[in-house]
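Structure 1 and structure 2 below are two forms of the same protein chain, each written out on its own as structure tokens.
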Structure 1
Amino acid sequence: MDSKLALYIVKRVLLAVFTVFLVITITFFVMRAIPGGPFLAEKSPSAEVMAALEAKYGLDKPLWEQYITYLSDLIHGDFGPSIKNRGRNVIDLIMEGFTISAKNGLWAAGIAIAIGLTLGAIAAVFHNKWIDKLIMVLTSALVAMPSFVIATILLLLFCIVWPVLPANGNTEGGLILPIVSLALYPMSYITRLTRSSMLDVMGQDYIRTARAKGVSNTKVIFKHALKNAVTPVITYVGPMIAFILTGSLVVEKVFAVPGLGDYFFSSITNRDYPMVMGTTIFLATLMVIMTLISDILYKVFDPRVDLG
């Protein structure tokens, strides 16, 4: 491995660890600062019952001691028990929900990449033609809308106006709309990114040289132009996958998908501190790791990039 690349990876890993540490610290103290508590929803607990519950979960200790204890447990891979899920371990609940969220997210990512690259290439090849303008109008509209707005529109259209698909993501065929909702925004962004990059590449000297040598237009587009134009897309794929998985929290709520989003929102509502902390740390770590992988792949695909 190149020494400069190795040094870059080490620096980014250290930065990633520090970033996750900041997320843990901020989330921990912000959650404790919010008025209310995890046991206030109980039916008028007595002072003795409240004290016993707080002692069971360590909430009777000073805040700094709770923080140190949490960090110590976290280092050993212990996210603690969920307060509102009958004491089940937080990491088990996260993995249970993430299995569903990841499946939906990977399907959405695959659709977004495949269709986005295709539409971007078509728009570039037919630059300033009607099909290019149509693709740009549609993708501009979709990029301007958050995933939960797209989810709500799809829910209205295909579950109420034309009831052809189920609104509940926990039924047969119920994952179609959540997956489409997650795929449309990144698909549109990749389309625009690919189009812009291809237009730049197609103006390069080596493309003109290939055409002057009689290379077919199809070969020029797919072997030369698209291959080199895809490099900027690589930098977006990592954060995109993390965005899809984190964006799915809201989309899952709209379509009642029993994924990680269900646990996340219920934990916030119930002040389930360990569950809120666990999901936040998990998603933040996922975002950092995917961004790191994307940056490294960018360097691998384009050695000219200066890592600094």
Structure 2
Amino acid sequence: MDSKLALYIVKRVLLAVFTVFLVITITFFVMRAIPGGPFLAEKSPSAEVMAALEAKYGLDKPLWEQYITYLSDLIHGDFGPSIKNRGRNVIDLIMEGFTISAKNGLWAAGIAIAIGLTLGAIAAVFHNKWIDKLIMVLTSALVAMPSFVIATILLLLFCIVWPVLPANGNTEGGLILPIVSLALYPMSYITRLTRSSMLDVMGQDYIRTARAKGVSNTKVIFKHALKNAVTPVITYVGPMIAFILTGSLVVEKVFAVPGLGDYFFSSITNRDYPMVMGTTIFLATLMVIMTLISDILYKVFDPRVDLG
């Protein structure tokens, strides 16, 4: 590993750490700007009860002191107690939801990458044939659909019009539809990305050289072209994870999956501020780390990329 790459990695890691810090700071101060605090939603407690509650959650101290406490708690992995779910810690709730969401997300990501790469390669190999056009029409339509539209249309098709799959995410087989709805958009995106980068690679000189040497078509495609066409897809992995995580917010609502998205959603409507803050910070950190990894991998795999 040369020093330029090492410097790049150090710079990116520092930026990522700073970004996470910024997210925490923004989340903290922005959430504190909400008037009334989290207890007003309940049937108005008396002044003494309010004071006691604020003292219990440390809300009576000056803002900067609360901020320092929150930061040091975060470093120790303590996201504070949930206000609406009595006696539960935010981090426990997050981990509980996240184990379900992460499983769905990984399935969705795996499906998206596997099918996306295959379809993209097929489209590029049969460039301008009917199969290429069909794939392009389908993926163009799919990238025009927000995740909640995909989720609700799938729900309509496979649970109501042609009831073959359960609509509730808690039942057996109930996770198929949420996973498919999460996977379709990134799958289409990866297909288009692979196709264009594959077409780019197929026009390169070394492919012509390989063909001129008499290498078989399959070998050219799999050994020479696909290997190099895959690299741009790596850059999409970070954004894809981010997309799947935020997409799961609505998809889990549609299919009633008891994942992190469902918790986040209900904590927004219930005004459970520690939960909203905790989930935002948790998801943001995850996304920043994923983007960091995919960016670094891209530079490692493709040395031609300018290390700006």
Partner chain sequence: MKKDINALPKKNPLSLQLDLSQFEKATDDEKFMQQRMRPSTTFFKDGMRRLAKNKIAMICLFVLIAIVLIVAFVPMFYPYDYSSQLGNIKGQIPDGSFKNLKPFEYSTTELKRIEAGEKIFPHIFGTDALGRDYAIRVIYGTRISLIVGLFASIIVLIIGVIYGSIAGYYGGKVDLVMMRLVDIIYSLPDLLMIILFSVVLKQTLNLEGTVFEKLGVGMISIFIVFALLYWVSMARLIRGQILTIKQQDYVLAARSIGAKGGHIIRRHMLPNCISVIIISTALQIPSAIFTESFLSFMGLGVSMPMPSLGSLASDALGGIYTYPHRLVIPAITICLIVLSLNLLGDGLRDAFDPKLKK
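The shown structure was predicted, so the numbers you read here are calculated from the model rather than taken from an experiment. All residue numbers here follow the sequence of structure 1, with the first residue given the number 1. For clarity, a rigid core is taken as the largest C-alpha set superposing within 1.5 Å between two forms.
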{"query": "Number of the structure representing the form predicted together with its partner chain", "finding": "2"}
{"query": "Cα displacement of Leu74 between structures 1 and 2 reaching 2 Å, rigid core superposed", "finding": "yes"}
{"query": "Threshold 2 Å Cα movement between structures 1 and 2 for Val17, core superposed", "finding": "yes"}
{"query": "Leu59 C-alpha shift between structures 1 and 2 of 2 Å or more, rigid core reference", "finding": "yes"}
{"query": "Displacement in Å of the C-alpha of Phe28 between structures 1 and 2, rigid core kept as reference", "finding": "3.2"}
